[in-house]
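Next up: just one chain, as structure tokens, the form predicted on its own.
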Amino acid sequence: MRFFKNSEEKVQAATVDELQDMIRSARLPEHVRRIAQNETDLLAKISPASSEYTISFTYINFLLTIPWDKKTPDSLDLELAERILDEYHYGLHKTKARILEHLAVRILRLGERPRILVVDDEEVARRNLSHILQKEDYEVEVAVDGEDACRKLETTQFDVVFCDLKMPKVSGLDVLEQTRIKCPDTPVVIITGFASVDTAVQSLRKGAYHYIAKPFKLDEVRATAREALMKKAARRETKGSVLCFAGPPGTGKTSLGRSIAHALGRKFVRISLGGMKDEAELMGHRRTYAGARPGRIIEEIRRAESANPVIILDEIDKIGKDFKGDPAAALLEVLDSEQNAAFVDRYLDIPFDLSGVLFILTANVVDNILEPLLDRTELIEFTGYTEEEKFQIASRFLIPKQIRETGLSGYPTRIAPEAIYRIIQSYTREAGIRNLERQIATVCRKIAKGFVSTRERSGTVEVAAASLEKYLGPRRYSFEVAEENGRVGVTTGLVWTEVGGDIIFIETAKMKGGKELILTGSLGEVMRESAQTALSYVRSNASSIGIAEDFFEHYDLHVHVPAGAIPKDGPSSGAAIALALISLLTGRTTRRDVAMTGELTLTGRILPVGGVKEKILAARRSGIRTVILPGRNSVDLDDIPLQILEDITIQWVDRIDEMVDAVLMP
């Protein structure tokens, strides 16, 4: 019978008893159960008035709510997963294919039959063991002695090995040692007719999983095989993948992650990393003071109540760094498949298995991601949508969604196809669809206001292209570049930005001066070096181009890129700058329906550049008819739809002199 000095001790004892009941009923791994029990025993000795009592009580409660072994089974239906992905996302074929590949691998791995090796120099024992295990639907292979077993271990990987202890030449302990060298994760069960305490201790010390004495019992063999296979069950599943979705804003990176979780039948978690500067937000705080909390990863897994969710680490390229640590470096352990099976949160202070989690990183610019971190991911690049793809997305997804959200479901509303194309071309200028959805929402809101104001249904509201100005105002963007007249000293370049491809104009001017190159337009260091390279090439090849060799002696040259408030950088404008200078110095007019991209070297070679698809889409939007690209970028055309290539002529070049006649008028 227990006696308590006061009601406070009585409440404390009741709390401890309740926690012990919860620990016994919870399905905790053995090492976690021991720690929870030790913490509970310590809690019984601490005064409830002390801060340590609250810290310990909170920690035990947290241990009990973590889904240590609770996983949601994957939906192993390829056709259903493909339908779900297609239903919520148009295009993105490469990304969808990668997700279906991941699911197909899981289906094959989980469908594998466990493979067991039986090693015994007695035929009767081999036959009996094989018969028992085959009836359990295991794939069984036999070895007649230790030498035969070692040969089989060299070529085949087994899930469990049942091995006799006493065998000529190569004993069971030798097979055990060989197995631990070749396959460290494979459990070895020692079977012997010379059972003794010494042999059992010796076998277990050398790393045997279990020890069975002959004559063995059928139930004991079955139970041992089942328990040994459960030890490897987690490893039979594929490790959690780490994907990195990189591309312009509004291209569906985060929403695709949600659809992937839906297709796999997993829980979905999103963690925003934008502006995060304290690595403790990810790794947790030491529980040595009141108010300590676990990191976001463990906390979100606890909330999801699943040990294998899909976790989106959003905006990883915008992660911060200061005196509190580097969160990007802290993610190296989280995203490394060789380390995250024993991830240790600082607050939890117990290894937690993250190998079943499917991590998806999202970023706008890959260059801003820590290189070792990027090396641990599989990069999938999201490119901008074509006008045709935007039209399909608007028709199938955006317009029905906005009609529902603005309350127009009961009111007949139709936006004509020509109006959708006009919104895409004249009211948005982006690689993604975020602004397109905003413009459609604006149209729907104005229609809703009209219905509310008139308080009557006046038939179907038809939004035609000619009536868009009534809803959205004057057109904001014009792409009539190709219709303008060419000018001397002005070329059209193609660039890649964080929001997709775009065109820029390189303007040059010559005036009396003292051999100075003036560069304006918020140009970055790399772009300035490209301008210097272009000038050096023109000066060193002046005679072959048809320019006086002393053209720079008494003149200054000015290179300007309009939209000076927008920073610009990168090497891909080198060819366009060189052609603008050649046009200026020769007096030849440039063709305005020709755009180009490529890095220029001092010897006149044109090197490959990135963002080819985005640049071609930008050229098409702007009415460009011919695009000049480096010859080594020809491999990048595989990702570009055929209807885009039908509207644009692609010209491949390897040297700057191949571009002169294509860009400049005679």
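What you see is a predicted model, and the numbers here were worked out from it, not measured in a lab. In this text, residue numbers run from 1 along the sequence as written.
Only in words, not in the display: the form predicted together with a small molecule, which the text now covers.
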query	finding
Among 539-547, 444-452, 82-90, 407-415, the region lying within 4.5 Å of the small molecule in the predicted complex by heavy atom distance	82-90
Residues P29, R34 and R287 all lining the small molecule in the predicted complex, heavy atom within 4.5 Å	no
One residue of Y347, F552, F359, Y385 in contact with the small molecule, assessed in the predicted complex (non-hydrogen atom, 4.5 angstroms)	Y385
Proximity to the small molecule in the predicted complex, single hit among F216, F505, Y209, F397 (heavy atom within 4.5 Å)	F397
Non-hydrogen atom contact P249 with the small molecule in the predicted complex at 4.5 angstroms	yes
Partner proximity in the predicted complex: T254 to the small molecule, non-hydrogen atom cutoff 4.5 Å	yes
Close approach of R106 to the small molecule in the predicted complex, 4.5 Å, heavy atom	no
Contact flag, R434 vs the small molecule in the predicted complex, heavy atom cut 4.5 Å	yes
